[in-house]
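Single chain ahead, by itself, as structure tokens, in the form predicted alone.
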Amino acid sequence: MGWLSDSLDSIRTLQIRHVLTQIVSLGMIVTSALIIWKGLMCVTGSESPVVVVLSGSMEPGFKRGDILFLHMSKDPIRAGEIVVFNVDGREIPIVHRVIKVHERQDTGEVDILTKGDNNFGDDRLLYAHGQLWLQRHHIMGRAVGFLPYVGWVTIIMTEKPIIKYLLIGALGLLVITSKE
């Protein structure tokens, strides 16, 4: 409790100019993070260059909590590649392996069927009602690398929002009360 009262006393003694300087610094950090994210989007060609694996459907290759790095190129999608895709009507992207690709000769369009490595059947039950195949516009990117377990931070903060709010509050308090 002594740390909290010391922090509150520190806030009371701060000058308004110092507080504004800290707020501007925090804003610059957030802006820098957004610029980096947008830069990664441009370089990778993916709307989300980094995603977290949220389920065990891709085990043993990728485990829950792994972070995947995505890249989306104009190269054709091939069976065996691991892709991240959006399904109409769902907010959360899915990470699964391409098991079949059908290229239509007349239109050049590509139909894609996916499956989780740890799932028994293909993903047709996950697709939108009446949809049997994914098209290229559903694909967010191909997995080109991963970091194991680092995504657990995101999973914990999503599943237990109180931890996220406590962490944000503590960081905000730290930024405001820092003397330098």
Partner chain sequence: MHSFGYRLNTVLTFALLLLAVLCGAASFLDAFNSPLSASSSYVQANAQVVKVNRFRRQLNGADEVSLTFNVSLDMKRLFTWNTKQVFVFLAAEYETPKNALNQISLWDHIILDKDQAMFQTKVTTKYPLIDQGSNLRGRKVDLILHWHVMPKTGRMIRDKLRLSDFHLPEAYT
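Residue numbers count along the first chain shown, from 1. As the structure is a prediction and not an experimental result, all values here were calculated from the model.
In what follows, reference is made to the form predicted together with the partner chain, a form of this protein that is not presented.
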- Query: Pick from 47 to 55, 151 to 159, 23 to 31, 115 to 123: which stretch has a heavy atom within 4.5 Å of the partner chain in the predicted complex?
  - Reply: 115 to 123
- Task: Considering only heavy atoms, tell me if Met72 and the partner chain come within 4.5 Å of each other in the predicted complex.
- Result: no
- Report yes if any heavy atom of Arg90 sits within 4.5 Å of a heavy atom of the partner chain in the predicted complex; otherwise report no. no
- Please run the contact check for Val144 against the partner chain in the predicted complex: heavy atoms, 4.5 angstroms, yes or no? yes
- Query: Given that the partner is absent here, does Trp133 sit within 4.5 Å of the partner chain in the predicted complex, heavy atoms only?
  - Reply: yes
- Task: Scan 82 to 107 and note down the residues that get a heavy atom within 4.5 Å of the partner chain in the predicted complex; none is a fine answer too.
- Result: Ile82, Arg97, Ile99, Lys100, Val101, His102, Glu103, Arg104, Gln105
